[in-house]
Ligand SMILES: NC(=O)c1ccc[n+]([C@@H]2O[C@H](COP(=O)([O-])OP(=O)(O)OC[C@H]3O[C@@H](n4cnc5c(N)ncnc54)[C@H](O)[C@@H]3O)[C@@H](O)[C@H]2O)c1
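Heads up, the chain below is alone and in the form predicted alone; it's given as structure tokens.
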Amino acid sequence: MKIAVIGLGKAGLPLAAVIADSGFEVVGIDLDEWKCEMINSGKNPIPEEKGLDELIGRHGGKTLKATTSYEDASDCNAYIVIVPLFLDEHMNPDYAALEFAFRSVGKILKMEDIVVLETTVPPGTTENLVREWLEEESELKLGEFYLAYSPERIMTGYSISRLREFPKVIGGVDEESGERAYELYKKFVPNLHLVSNARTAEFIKIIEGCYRDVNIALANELFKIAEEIGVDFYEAREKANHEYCHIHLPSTGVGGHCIPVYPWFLIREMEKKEKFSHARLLRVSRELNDEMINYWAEKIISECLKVKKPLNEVKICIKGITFRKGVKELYHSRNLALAKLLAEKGLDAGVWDEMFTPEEVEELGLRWREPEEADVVFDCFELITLVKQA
């Protein structure tokens, strides 16, 4: 069995490395030539991923070979696709990258090959769009090849351990596809569960994200209420949480490739069916979380008014602009959005982040500022504002 992994990003590369470490020959496909060269020379292009250095050093250029050409994977027996699915400006899925990947796989697909999608997608994508793309390009029909869905369930920075320990699900477009994909995956995923079909597996991943989004929105709302009535939210949360209650932590909103994206798959699907009330909570939660930057901007401005300077001369430092501490990613970052909002209001807002250089921050159109040089510092991850005393 020779396996191709299409997409060597922060989810795909750890998966490819774990598969190679399980004794398989792996071909990794990615459009980034530099990344492929790094992997083939045994160097890890994602250094913040724990344990990946060792696996790439052991298998890179040997049993794990990276390439930009799909033809180099034409002798593989299984194809795992894990490329991004983004939202457009109207919060609708943009399938361009996925369609390109699957049509490229379709051109080299053979009888009895197994294809598995891992990207989080709206329910029904695998059985409809993906099947259509593969059948059109390969001129094969489902049954002559096998098609399944197994959502990635990693956490950036802990992907290796998640793949080896965390529960993972898989479901086929038909029964035989599910069984064949399950038999393959259990050779490198120890904690694997076969579900009834691909659509169920797709839904499982989405509702995990929806759960987080809704509960973070609840925490944000309770945090604001606690402040208004003079209650220490954190003390209350500690004593409120038990076996039957888990209040999440408040935040500046929700960022990243996952949680702020997935609810829109279900919201838009219900809109198509004109079942608007079915996704009301999901939509409101999205709005509440995105609006948190306005709440924090007002709080920061209130703190700036304590400084004996004209408001537009108060030096502000936003500490941390990534969507999660320790991860150099800005996709949907509400911390970054907060910094930009303050600058748009005409305030002297600069940013500092341990993951970025001053030059990288300036390329984002923002001003770099060391925390000790600021009059007011807002720590995005601790939700703490410090005002320098005159």
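Given the structure is predicted, the values throughout are model-derived calculations rather than measurements. Note that residue numbering begins at 1 and tracks the sequence as displayed.
Separately, the form predicted in complex with the ligand exists; it is not shown, and the next lines address it.
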State yes only if every one of G7, A11 and K35 has a non-hydrogen atom within 4.5 Å of the ligand in the predicted complex; otherwise state no. yes
Listed range touching the ligand, judged in the predicted complex by heavy atoms within 4.5 Å, from 241-249, 80-88, 164-172, 223-231: 80-88
I56, heavy atom within 4.5 angstroms of the ligand in the predicted complex: no
Does the ligand come within 4.5 Å of any heavy atom of T156 in the predicted complex? yes
Mark D30 yes when one of its heavy atoms lies within 4.5 Å of a heavy atom of the ligand in the predicted complex, and no otherwise. yes
Evaluate T119 for contact with the ligand in the predicted complex, applying a 4.5 angstroms cut-off between non-hydrogen atoms, and reply yes or no. yes
Please tell me which of Y262, W296, Y185, F145 lies within 4.5 Å of the ligand in the predicted complex, judged by heavy atoms. Y262
Candidate from A101, I316, A279, L109 lying within 4.5 Å of the ligand in the predicted complex - any heavy atom: A101
